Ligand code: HEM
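One chain follows as structure tokens, the form predicted on its own.
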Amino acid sequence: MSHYSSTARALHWLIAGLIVSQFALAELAKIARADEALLKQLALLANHKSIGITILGLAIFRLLYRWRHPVPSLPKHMPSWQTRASHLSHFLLYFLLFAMPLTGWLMSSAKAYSVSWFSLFTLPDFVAPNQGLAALMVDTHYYLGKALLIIAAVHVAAALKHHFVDRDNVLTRMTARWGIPIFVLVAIMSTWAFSQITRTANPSTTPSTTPSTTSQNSATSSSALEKLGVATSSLPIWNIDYAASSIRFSGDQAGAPFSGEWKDWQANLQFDSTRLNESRFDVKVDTRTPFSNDKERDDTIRSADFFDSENFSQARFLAHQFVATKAGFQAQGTLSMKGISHPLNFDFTITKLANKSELNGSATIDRLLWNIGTGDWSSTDWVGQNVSLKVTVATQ
């Protein structure tokens, strides 16, 4: 056999073109970061990861195919050191085809960024968030990329040397009339296609920027319920065990879920299932304290495009209307964020444990109603429109 099969050649040039596009997308992401175009950076890196997983899948298929379909023999006139060098370079190239996407996948998991394959499905995380491991994988992925460039350059130079100097068939074994066009087309088209992002928000869901009647100042006053014309309650205020309580949020970023929690919050809860008309919730969240295991994402959450924590450091939920449901209860209140107030229903259950109580509840927030994510971020192509809240409040 003097040539690789058509399948082997197609895989070779397809993977080569995708690898070129990977380096291009990584460089474009660096430029976007330097320009503080964070949404574009997010989109570029998301597509970079998706193509990386595609390369991993193709590399697995190619290795299995090679196992069942032996490769052509090298020319007999080749010195033994060149034969060994050829085998070594092929081994290293295969190793890097696996190592690059796997270290990228591991890096994303350690940075609390789940990997989505073109928003069609989400891959499982390799590890729990770990900043030290993430930093190690960033360096490892970077140097493996440099190694891939060097080895690929040597591989190309050796093939050209065989063709133009030795005049043997080492290069032509893998070439075909359609091989180079596939390589060029894949490299150019995938770089262009996957560097595009949609910037237009859905006009039907883009909210008005006009604040409602409950502004940041009125929402932070100590008598907010009284200003709403709500009588105070004689029910006791829960003595909250904040160490055992949490307000967690989760959303969708680049087709993959992410989660976090608010580290600083306070709540005055007055609730009795037999006296719903006297029950009251008053919950304040410090919007300067998001924690999602990634500093860059937390900084974005605090930024003017999202919560604008510098000017609106508090979000507040006030509820004085409660109804019983089949599953438990529902608080029908008002959520104020970023100077904007809208109604919000919060479903919850109450569990009694000895002399303690535990509330577990949830709500879904349409972030666009509160202008959480403005400008390019108002598009839901890369950041989901709905954010889920999960709340646990335990008493001491």
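The structure displayed is predicted, hence computed values, not measured ones. Quick note: we count residues from 1 along the sequence shown, nothing fancier.
Form predicted in complex with ligand HEM: not shown, discussed below.
For the candidate spot formed by I240, G361 and A394, no residue has a non-hydrogen atom within 4.5 angstroms of ligand HEM in the model of the complex. For the options R297, H162, K111, R316, the one in contact with ligand HEM in the model of the complex, meaning a heavy atom within 4.5 Å, is K111. Put simply, of V285, V170, V115, L269 only one has a heavy atom within 4.5 Å of ligand HEM in the model of the complex, and it is V115.
Heavy atoms within 4.5 Å of ligand HEM in the model of the complex map, among the stretches 19-27, 384-392, 371-379, 5-13, onto 19-27 alone.
Taking the partner from the other structure, ligand HEM in the model of the complex has no heavy atom within 4.5 Å of any heavy atom of R367. For W105, a non-hydrogen atom is located within 4.5 Å of ligand HEM in the model of the complex, even though that partner is not displayed. Among residues of the shown chain, F91 is not one whose heavy atoms approach ligand HEM to within 4.5 Å in the model of the complex. Contact annotation: G255 falls outside 4.5 Å of ligand HEM in the model of the complex, judged by heavy atom distances. Heavy atoms closer than or equal to 4.5 Å to ligand HEM in the model of the complex belong, across 379-396, to no residue whatsoever.
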